[in-house]
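As structure tokens, one chain now follows by itself in the form predicted alone.
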């Protein structure tokens, strides 16, 4: 009884804080935890019933791991897994380096009004739809009137059918992804830099440290915990691909599937063609489980060498 009384006493003491986190808690319960019950579809041959969604799940036939077998028994299993992991690995590494570098550059701009203009310009691409970005890319890569082919024509070179040449698209997709995301991510690091005690830089200047030495000795170490946490969270999504980037930007060109087909686009095309909801659920469960394992392993490694910067 004493423990129960202490529990309710703590609730009343922290009621203001609890009310603040209540909307976020409800959001997670409704959209993150309740849908977990739907993962049972991954082990069933889901067939829609007129009695409703839950009745459809209950009445569907158990198939065990057949959906997972179908997903990974195709010749495309290696390609889509390779593309998903390698692209995300490149995006994480380059995105981290460029975001931190950009945040440091913005923090060193003396004219703060000009810095706000730069920051807004780099922040804007994040809010653009992938459909719009896909048309932007098409305006550059179109065979007939694309800007790149026009530039090649000025130098007397033959136009290139960009949407049929797979070898160029790893570079295109990487550049487009970084262009869209780096500006947004840099704002997070810029906010962290603005929170660093200015007296640290003043003391370094008195000791004769130049800008690079200040960045190396103060800025980067102070950003290290944030960099570690964001990287760990990104590793958890390494088996997830940005559907819009890999579907809308290449315009679903079949000749580019070897370098643009990832798990998300493969599942979408399979669902659109066969209507097998169980297979798409199996793919989502596979991505979630592997992502969870990667986060736990990565956090264990970080915790082993630097306990203070671990996620938990």
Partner chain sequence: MSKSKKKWLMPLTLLLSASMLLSACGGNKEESAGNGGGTAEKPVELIWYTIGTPQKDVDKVEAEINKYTAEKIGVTVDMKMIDFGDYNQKMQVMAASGEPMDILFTSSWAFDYVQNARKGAFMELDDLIETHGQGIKDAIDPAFLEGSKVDGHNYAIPANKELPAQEAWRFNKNLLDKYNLDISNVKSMESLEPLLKTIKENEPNVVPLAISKDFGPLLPFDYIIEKMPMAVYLDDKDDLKVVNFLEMPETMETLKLMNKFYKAGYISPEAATTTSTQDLMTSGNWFADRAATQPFADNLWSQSYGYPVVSTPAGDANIFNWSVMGSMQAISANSKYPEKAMDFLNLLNTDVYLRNLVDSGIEGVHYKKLSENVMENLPESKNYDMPTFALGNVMLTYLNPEDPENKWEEFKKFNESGKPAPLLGFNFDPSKVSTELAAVNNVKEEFWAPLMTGTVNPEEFLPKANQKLKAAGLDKIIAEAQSQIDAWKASK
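Each form is matched to the other, and the largest set of C-alpha atoms that superpose within 1.5 Å is called the rigid core. Just so you know, these numbers come straight off a predicted model, no measurement behind them. Positions refer to the first chain, counted from 1.
In what follows, reference is made to the form predicted together with its partner chain, a form of this protein that is not presented.
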task: Counting only non-hydrogen atoms, choose the one of 181 to 189, 68 to 76, 226 to 234, 122 to 130 that falls within 4.5 Å of its partner chain in the predicted bound form.
output: 68 to 76
- prompt: Is residue 261 close enough to its partner chain in the predicted bound form to count, meaning some heavy atom within 4.5 Å?
  reply: yes
- prompt: Is there any non-hydrogen atom of residue 142 lying within 4.5 Å of its partner chain in the predicted bound form?
  reply: yes
- request: Report yes if any heavy atom of residue 244 sits within 4.5 Å of a heavy atom of its partner chain in the predicted bound form; otherwise report no.
  value: no
message: If we define contact as a non-hydrogen atom of the residue within 4.5 angstroms of the partner, is residue 37 a contact of its partner chain in the predicted bound form?
response: yes
statement: Across 266 to 305, the residues having a non-hydrogen atom within 4.5 Å of its partner chain in the predicted bound form turn out to be 266, 268, 269, 270, 271, 272, 273, 274, 275, 276, 277, 279
- prompt: After fitting the rigid core, is the C-alpha of residue 14 off by 2 Å or more between this form and the one not shown?
  reply: yes
